[in-house]
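One chain comes next, on its own, written as structure tokens: the form predicted alone.
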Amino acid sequence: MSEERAVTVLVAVQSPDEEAAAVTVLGAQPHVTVARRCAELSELLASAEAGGGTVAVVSGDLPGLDREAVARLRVAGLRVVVIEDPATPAARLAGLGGDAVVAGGDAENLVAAVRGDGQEAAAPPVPAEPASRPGTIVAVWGPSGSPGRTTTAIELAAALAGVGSGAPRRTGLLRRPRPVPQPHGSSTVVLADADTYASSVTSRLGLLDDAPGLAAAARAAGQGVLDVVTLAGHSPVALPGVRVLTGITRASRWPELPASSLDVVFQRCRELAAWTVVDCGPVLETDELLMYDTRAPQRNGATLSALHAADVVVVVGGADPVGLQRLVRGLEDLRDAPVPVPAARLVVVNRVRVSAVGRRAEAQVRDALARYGGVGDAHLVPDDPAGLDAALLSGRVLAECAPSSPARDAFEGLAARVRDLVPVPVPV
């Protein structure tokens, strides 16, 4: 029999009595050492990132304890054990992402959890619903230079929802409340703006931008209280069948979108809608690792979280010499992304026009991508300045203000290709 593994514990418990009981119980166990009793979360995180322990025992009422803090502890290599607090619902504690949740005063389960022998923390229960596959996440990404990521994301979401195909048209800029779409319906879509550099879905659709829905959902996820009902409250219906999680109002607010919280948001989006279309920022680097000696918030964490969660990645580039060069390099960057991106990929080239590419514009674009980027099945969207300008001016989508637009037809074709990649069965 192999020798039992030594365990070093960092304790951060609010109640003095609870802390003393935990330290006494753990200190009496063989091969278990209480290395530090931390008075606050910042001391615990510093000790963990300095390599001071292998297990963190924290109380549910520890000020500042959220999903991001638990993620930092786990990145530092610690197992996280949460002691229940009578004033904190157990479901919230389980939603923080710890390894185990034990009742206060339960010495036996506390020791088992610290050693790794206890029952893992269960995820918050999900309301029962008809059997169907989870919703699909489509990340819309592209290199810098305004290749049309936001336009593609909005039009793709509208096409997936069937906007304009028998749905009532809006007659003014003011939105009236619409019936809540049923989860997992074949045309329910969540459009999420996760661009931390130039969020623009809100202004593009003419919505109020005083309450970023995605940031609010991320805060709820960070506190372990995000469920489908809460997510629906943060994502109003802006188009028939399309809910919108609006983005941050200022680029400086990017720390409000931590990747650890967005991972949960995207999971809940799968439960709320059949499709989730995420408008991503252009940058993939994790420069924070080079700029700080300790772990720092990642500005591009929102984009990386969306790409990692996606079932399909739509890569958008511009149909001009500069845009195509950036697209080819962007495809290389995506292959070398800091997180795994196992999703199927569709390459979209926007604003295909003779004036920027020359005669036989479509053939030249396809030839260039095949030769330099190894892309043989790019989806081309023709330039339609009149239709897109009308959509921008009115805060609507092409299906509403320019239904005969050739660009709209191309986006409908893109939606069909996405559906073919990840078919969504109709619930029985």
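A residue's number is simply how far along the shown sequence it sits, counting from 1. Quick caveat, the model's predicted, so the values are computed rather than measured.
Separately, the form predicted in complex with a small molecule exists; it is not shown, and the next lines address it.
Colleague: Of R204, R270, R345, H308, which one comes within 4.5 Å of the small molecule in the predicted bound form, counting heavy atoms only?
Modeller: When the small molecule is considered in the predicted bound form, the option within 4.5 Å is R204.
Colleague: Name the residue from T151, S260, T136, T246 that puts a heavy atom within 4.5 Å of the small molecule in the predicted bound form.
Modeller: Going through each option in turn, the one that passes is T151.
Colleague: S146 near the small molecule in the predicted bound form, any heavy atom under 4.5 Å?
Modeller: Output for S146 is yes: heavy atoms within 4.5 Å of the small molecule.
Colleague: Any chance L45 has a heavy atom within 4.5 Å of the small molecule in the predicted bound form?
Modeller: Judged by the heavy-atom cut-off of 4.5 Å, L45 is well away from the small molecule in the predicted bound form.
Colleague: Looking in the predicted bound form, any heavy atom of P403 within 4.5 Å of the small molecule?
Modeller: Taking the distances in the predicted bound form, the answer for P403 is no, it never comes within 4.5 Å of the small molecule.
Colleague: Is A103 one of the residues lying within 4.5 Å of the small molecule in the predicted bound form, judged by heavy atom distances?
Modeller: Heavy-atom contact with the small molecule at 4.5 Å: absent for A103.
Colleague: Would G52, V55 and R79 all count as contacting the small molecule in the predicted bound form, using a 4.5 Å heavy atom cut-off?
Modeller: Heavy-atom distance to the small molecule in the predicted bound form: none of the three under 4.5 Å.
Colleague: Which single stretch, out of 385-393, 363-371, 58-66, 26-34, brings residue heavy atoms within 4.5 Å of the small molecule in the predicted bound form?
Modeller: Within 4.5 Å of the partner lies stretch 385-393.
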